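The chain below stands alone and is given in structure tokens; this is the form predicted on its own.
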């Protein structure tokens, strides 16, 4: 499926944001193709950002494979780790100063508080889904925080520069309904404190959470529309709260339906037989992958 870089004629800015923790699969391909098509239809720019904050699982080989596989599909972008651009660097592992700045702004605004609870502690307190899952899965499917370390409403967090050894949580406005119009799924809403609780913005290992890094980067890179999978709908509600606290404008949202296997389970990187690498070796074409011509598999 041949493709060329389209001319940029509008202010639209979309993005591709793969995590190099495994090979991309069919679900990634279809979501990233949707992002590409929407940017192209709008005459806008497409930004490639490598979300490699999961240091334990990210690998250069997967980062390089993601670039190669997406180019093989026919997707083209205007900015990214291979092309550069004015809003780089395009590897999250090299953007720590952006994240520290956002963390400080949240701290000064009184939106976050330190938390001593580990994920193991929370697992013991509640039934935590996806224990041992991917970096993004753990961020999006955080168990409802029981409030163990949540200070009183009138508590003032003392100034500190401590980022190591402490979890930091965003205090959600309990009972507030977070509504947004999804361009693919229509009206969506979640109730803060019911559907999700106080969520991590910084982890005790010194790494920003997916929520904080995503908001910081989308704002810094001037992203106007976020295209991603429907498994991240709840993350959107959290990110709307972060954007409001930081004074950032919300992008538009477009959440793609999930691709599932023959058992009805959503695809993950452990489904290596459905990775783009494996399917390419079997002789499938981009058209096969993008048009769901995968009999007996998806």
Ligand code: GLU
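Residue numbers count along the first chain shown, from 1. Bear in mind that the values here come from a model prediction, so they are computed numbers and not experimental data.
Form predicted in complex with this ligand: not shown, discussed below.
> Going by heavy atom distances of 4.5 angstroms or less, which of 14, 18, 22, 286 would be at the interface with this ligand in the predicted complex?
By the 4.5 Å criterion, the partner-contacting residue is 18.
> So this ligand isn't shown here. In the predicted complex, which residue out of 95, 203, 228, 171 has a non-hydrogen atom within 4.5 Å of it?
Among 95, 203, 228, 171, a heavy atom within 4.5 Å of this ligand in the predicted complex occurs only for 228.
> Does any part of residue 69 reach within 4.5 Å of this ligand in the predicted complex? Heavy atoms only, please.
No, residue 69 sits far enough from this ligand in the predicted complex that none of its heavy atoms falls within 4.5 Å.
> With the partner left out here, check for me: in the predicted complex, does some heavy atom of residue 214 sit within 4.5 Å of this ligand?
Residue 214: contacts this ligand in the predicted complex.
> If we define contact as a non-hydrogen atom of the residue within 4.5 angstroms of the partner, is residue 210 a contact of this ligand in the predicted complex?
Residue 210: yes, in contact with this ligand in the predicted complex.
> Can you check whether residue 259 is within 4.5 Å of this ligand in the predicted complex, heavy atom basis?
Outside the cut-off, so no.
> Where does this ligand sit in the predicted complex: which of 243-251, 58-66, 35-43, 228-236, heavy atoms within 4.5 Å?
Looking at the other structure, the answer is 228-236.
> Any residue of 30-59 with a heavy atom within 4.5 Å of this ligand in the predicted complex counts; write them all down in order.
Residue within 4.5 Å: 51, and no other.
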